[in-house]
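The form predicted alone is given below as one chain in structure tokens.
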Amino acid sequence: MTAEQTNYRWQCRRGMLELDLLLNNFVDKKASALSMEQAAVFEMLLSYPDQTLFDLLLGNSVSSDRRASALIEQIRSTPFD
């Protein structure tokens, strides 16, 4: 695991188990392939309050930022093995 992935895993520790699972699954499988722009968007998403992030990831709300929406879709579509 890279230092960046370790940092992301730390930031993905949330108050909701569902967020932990979705975010850490994404970090484990796809974070190392993020472009610099995508990494910046991911870090922005990680700064959101848990409920806002939860609503975005579960499709209860939609981001007005197309870059965030694209990354949210990647997170949501990352398969669990």
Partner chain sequence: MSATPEQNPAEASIERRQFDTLIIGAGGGGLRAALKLAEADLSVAVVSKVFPTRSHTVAAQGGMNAALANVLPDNWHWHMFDTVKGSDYLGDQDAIEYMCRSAPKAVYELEHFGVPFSRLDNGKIYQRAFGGQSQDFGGDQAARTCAAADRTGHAILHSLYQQNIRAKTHFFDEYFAVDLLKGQDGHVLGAVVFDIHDGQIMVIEAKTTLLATGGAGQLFKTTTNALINTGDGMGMAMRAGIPLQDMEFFQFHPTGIAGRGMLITEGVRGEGGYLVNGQGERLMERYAPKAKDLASRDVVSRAIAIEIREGRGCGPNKDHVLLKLDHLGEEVIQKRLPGIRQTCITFLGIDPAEAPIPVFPTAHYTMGGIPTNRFGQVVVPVKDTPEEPVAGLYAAGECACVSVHGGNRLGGNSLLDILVFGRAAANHIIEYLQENKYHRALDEEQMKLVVEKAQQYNNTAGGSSSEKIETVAGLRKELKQVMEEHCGVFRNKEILEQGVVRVEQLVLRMKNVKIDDSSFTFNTAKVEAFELENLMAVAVATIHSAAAREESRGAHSRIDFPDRDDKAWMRHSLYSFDNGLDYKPVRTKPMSVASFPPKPRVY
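Numbering follows the first chain given and starts at 1. Fair warning: this is a prediction, and the values are worked out from it, not measured in the lab.
The form predicted together with its partner chain exists for this protein as well; it is not shown, and the discussion that follows is about that form.
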(request) Spell out, yes or no, whether the shortest heavy atom distance between S32 and its partner chain in the predicted bound form is within 4.5 Å. (result) no
(request) Decide whether L57 counts as a contact residue for its partner chain in the predicted bound form under a heavy atom distance cut-off of 4.5 Å. (result) yes
(message) Taking any heavy atom pair closer than or equal to 4.5 Å as contact, tell me whether N24 reaches its partner chain in the predicted bound form.
(response) yes
(request) Check whether Q11 has any heavy atom within 4.5 Å of a heavy atom of its partner chain in the predicted bound form, and answer yes or no. (result) yes
(message) Would all three of N7, E18 and S47 be in contact with its partner chain in the predicted bound form, where contact means some heavy atom lies within 4.5 Å?
(response) yes
